[in-house]
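Just the one chain here, the form predicted on its own, laid out as structure tokens.
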């Protein structure tokens, strides 16, 4: 592809279309003219600024006796924190030297010429102090092949990703232990029929049939917290070849298990879900995770390439899904290219994600006022049910990896570190997928870059600090304070790990587990980069029109959970199959 064609990609940044990681301040300090100033603009969302404050302090101390400019000694870092990104149009003339942002389209900013070439930084070892650098791996070697491929343009780097996290279900482990909501060893709801679920969900079901179904349900779950648990979605337990397969023990392995759990939760006085009305795109992100987890990493990435060989496309027969003798969708393989990439909307994993969306909104499955609840209130209700008797216990919250740090103020002093909350590992749609990797999507595209308009006198210190932020020590510091992972490859020392919260430890083990594959939501081919606006994570894959009960065509947006909820309220129901077909017809 010609350079000018790629550099003329999208002219609208997706940051204007989507929400940040959490739905600041500007440090005002007197400039010390005896020192070199380094100005940093940080989008201070849910992950907070403690990690950056700590590293800024260490950098200033390490370089206190270093002269980056003639006649000046040491570095004064001046920080600007708020929850807003700086648009590319505002960067020329902006006094900040380094920008650290969320939901920023790399190729849009690059095409506008606002980012400095930092190839010399990325292709070198990370700075650790004055005249000291790491010696084991260069920064580029800490990037995955996928990140390296994306961030290199004509052999040059202009930015580095900051964090890697997904939006998914988070659960209250202590509550699950108290209510005994873990599956016992060898237990499975795979033999449950639709009739079983129907009886369990009906208040007016035949008494004898209901009691029999309840006995069947209760037999799946542990009786004591010390009971051996099921092997979960990964199908294994213990540590095998260095991989910890115990993280998901006791969790539902399949959708049927998950449906049984939801009924068990309600029978135990627990509301399964809460979410917030501030950032409803969290729900779409969750469904993207479900889609990827069922489709598998390689197949799901075809969406981010808008191409490839798709082996799991649901076959349609007219305006219906073709099914085999067992009622399962028939799938086919197609080569995807520029003329037919809409066929990716037929991926079976997406159909299964729409099934999951319906489970979220079944009667009684979620806190009914979630649609009017702010993200802070949702967090507080989830953490402190004892303070909200009319709401009661809640099992899951739909949130991003930043939520635990963001919700710090809602924990009683000294309790957060040991509070037992954890990211939830999603079940597989069907039994045959048990044991396949846990696939997640990191869709809040973070970015660190140097202002291309930086004064020459400040360039050396800016690059030095940017390099310092990629050192193993800096990466560990980020994880310690945020309970999340940087988008680079690194390990945690025993010392750092021991200081982390319960949540942080589990989040790290899941993210760093070789059974977990995290896919960054990035355009992964030149063709996809040219069509980047179609790949908005908050709408790609779920926009459609449908025919309402009056026979009129109606548009729907990209949020499946809201759509199913609206249809139910209007008594205009749509099945996941109908919605799936409508999405394809809208996009083809």
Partner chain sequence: MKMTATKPVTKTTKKKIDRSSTVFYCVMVALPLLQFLIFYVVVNFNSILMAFQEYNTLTFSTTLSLSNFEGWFTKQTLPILGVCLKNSMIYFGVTLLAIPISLCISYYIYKKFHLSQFFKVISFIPSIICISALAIMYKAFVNYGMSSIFTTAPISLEYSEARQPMLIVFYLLVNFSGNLLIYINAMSQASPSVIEAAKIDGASEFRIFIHVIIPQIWGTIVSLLIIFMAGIVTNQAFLFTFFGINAPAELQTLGYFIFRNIQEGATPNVEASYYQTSALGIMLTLVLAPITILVRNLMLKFGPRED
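Numbering follows the first chain given and starts at 1. For clarity, every value in this text was computed on a predicted model and none was experimentally measured.
Heads up, the form predicted in complex with its partner chain isn't pictured, but that's what we're talking about next.
Only one segment in the set 130-138, 87-95, 392-400, 419-427 has residues whose heavy atoms sit within 4.5 Å of its partner chain in the predicted bound form; it is 87-95.
Heavy atoms of residue 574 never reach within 4.5 Å of its partner chain in the predicted bound form, leaving it off the interface. Using a 4.5 angstroms limit between non-hydrogen atoms, residue 532 touches its partner chain in the predicted bound form. Within 4.5 Å of some heavy atom of its partner chain in the predicted bound form lies at least one heavy atom of residue 562. Heavy atoms of residue 412 never reach within 4.5 Å of its partner chain in the predicted bound form, leaving it off the interface. Site annotation in the predicted bound form: the residue of 553, 33, 30, 65 reaching within 4.5 Å of its partner chain with a heavy atom is 553. This chain lacks the partner; the member of 147, 153, 245, 125 within 4.5 angstroms of its partner chain in the predicted bound form by a non-hydrogen atom is 153. Residues 562, 565, 566, 569, 570, 585, 586, 587, 588 are the members of 562-588 with a non-hydrogen atom no more than 4.5 angstroms from its partner chain in the predicted bound form.
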